[in-house]
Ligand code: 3PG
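Take a look at this single chain, the form predicted alone, given in structure tokens.
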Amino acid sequence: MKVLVATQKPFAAVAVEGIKKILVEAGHEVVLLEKYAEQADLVAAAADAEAMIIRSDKVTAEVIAAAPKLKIVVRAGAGYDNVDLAAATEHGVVVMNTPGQNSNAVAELAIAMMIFMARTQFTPATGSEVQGKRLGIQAFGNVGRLVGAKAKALGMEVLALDPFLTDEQIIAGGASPVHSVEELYASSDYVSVHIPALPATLKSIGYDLITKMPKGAVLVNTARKEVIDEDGLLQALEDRPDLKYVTDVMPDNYALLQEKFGLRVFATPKKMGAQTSEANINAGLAAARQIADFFATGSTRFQVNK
């Protein structure tokens, strides 16, 4: 089978070699498309691919329609909103992610961002400590649990909200459960966002929620920018000069936020959550193994389109 590894942001060289080794030993051909300039390059390269490994690359309906042999797409990472799941399902293409492979990298970044903002972006101004503060975690999956464990090690009190988990499961994960998003925001000095970008969550975090946060609170977003109502965020920061926002997904209105609020806001230049050598390698190798297993045994363990 021909496996296309399509990455505008390439894997580390050691990850690429590992991916090739896994797939070639399983009897597959590996073709690389790295640092491509246009979406049309991906469309063209997918024409005879039977499997694809991607990172943040956009597998649109156009890409899927142009790839009649395509049977599986694996997103090396947890999020998969860059794949048109409906189009994939319509064409009989299995879509998988690699949950857990990037989790520690994202969790470490979330904690680093909290400290960065607590210390006023490492400027000479007097900052504060995270010890003794309350951290609310919105979605208590792989990343959320790791954030919670690291926060507890720093002496923070951890609250969590996850509608897919029972109170007992949240407690077993080391957090105190809360039962509404309003309660989570109102109770937390820091809120760390880990929800996916789905129709129900788009722009779900806006003025009303943000302004429920206590005085001096910080909103931390290492999830997706689409879950934030950016107009509501701007108004909340305008009306509440004590609040701060830090994100790994640059808002569309970031220049305006910086101009108006200075050190109260910060966004990484590019999404950095999974940008560690360890996560890079882990996710790439996991994707390769999942493709090899799919063709060898039919395994669809991490399928996200049903």
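Position 1 is the first residue in the sequence shown; the rest follow in order. Treat the numbers as computed from the prediction; the structure is a model and nothing was measured.
Not on display, but discussed next: the form predicted together with ligand 3PG.
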Can I64 be called a contact residue for ligand 3PG in the predicted bound form at 4.5 Å between heavy atoms?
no
When the contact criterion is heavy atoms within 4.5 Å, does R75 count as touching ligand 3PG in the predicted bound form?
yes
Would K244 show up as a contact with ligand 3PG in the predicted bound form if we use heavy atoms at 4.5 Å?
no
When the contact criterion is heavy atoms within 4.5 Å, does V59 count as touching ligand 3PG in the predicted bound form?
no
Contact check in the predicted bound form: K9, G79 and R224 versus ligand 3PG, with a cutoff of 4.5 Å between any heavy atoms. Do all three pass?
yes
Given a 4.5 Å cut-off on heavy atoms, tell me which of 40-48, 254-262, 268-276, 24-32 is the interface stretch with ligand 3PG in the predicted bound form.
268-276
Partner contacts in the predicted bound form for 89-109 (non-hydrogen atom within 4.5 angstroms of ligand 3PG):
N102
